[in-house]
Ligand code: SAM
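Given next, in structure tokens, is a single chain: the form predicted alone.
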């Protein structure tokens, strides 16, 4: 963000306006920021701690995915209150899952991470925020799929793994008709091209690339994969095999 932005509140106000997102609770992001910076002294959650940079590169970047979630087809909504269900794989400090949950209280967001201390942080922050539509779960995605196979409308992930590996971790969790959204850098063309076999094998349509720019000028990319067929039951495999023998 420019030097004119000194606080989370000022950066979020203009950033949300630039993204066309109205009605988002900016005060909640102050609570989130304070919790993040405090916990970062005890465990490594982020190398970015300045208020305007956290607002832009974490909060607003997470929220930039919302237009692709908001317009997702929803023929298979099955929860009792018909909430759109989202799983954030490898959520870490909560990006993009927790900003999405703050901005869309009508979406049910599950944040999955293999590190228990990070899940504890997310659970504490959810309590501080007083929101009821977010859940933090400790576990590995390839194991979690056994209990939650094809049960989410949307799977999202931000800078977790190579797209071939990520597709095998995420697509098994997505319902047919749902969407897998991977947040990547602009320099990911070769990685996306190499993932085409994995995506097809796992039931996904060919990837769509959506490039965008954050309000501060940072170039970003979302890889959009529609789930068009059931994932074969042998996937996901154990992570070591996913890593050493990618599809």
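Here the structure is a predicted model, which is why all the values come from computation and not from measurement. Positions refer to the first chain, counted from 1.
Separately, the form predicted in complex with the ligand exists; it is not shown, and the next lines address it.
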Using heavy atoms only and a 4.5 Å cut-off, decide whether all three of 172, 206 and 226 touch the ligand in the predicted bound form. no
Selected contact from 121, 152, 95, 107, since only one has a non-hydrogen atom within 4.5 angstroms of the ligand in the predicted bound form: 95
Please identify the residue among 102, 141, 163, 87 with any heavy atom within 4.5 Å of the ligand in the predicted bound form. 141
With heavy atoms only and a cut-off of 4.5 Å, decide whether residue 146 touches the ligand in the predicted bound form. no
Since only the chain is shown here, I'm wondering whether residue 71 would be in contact with the ligand in the predicted bound form (any heavy atom pair within 4.5 Å). no
According to a 4.5 angstroms non-hydrogen atom cut-off, is residue 114 in contact with the ligand in the predicted bound form? yes
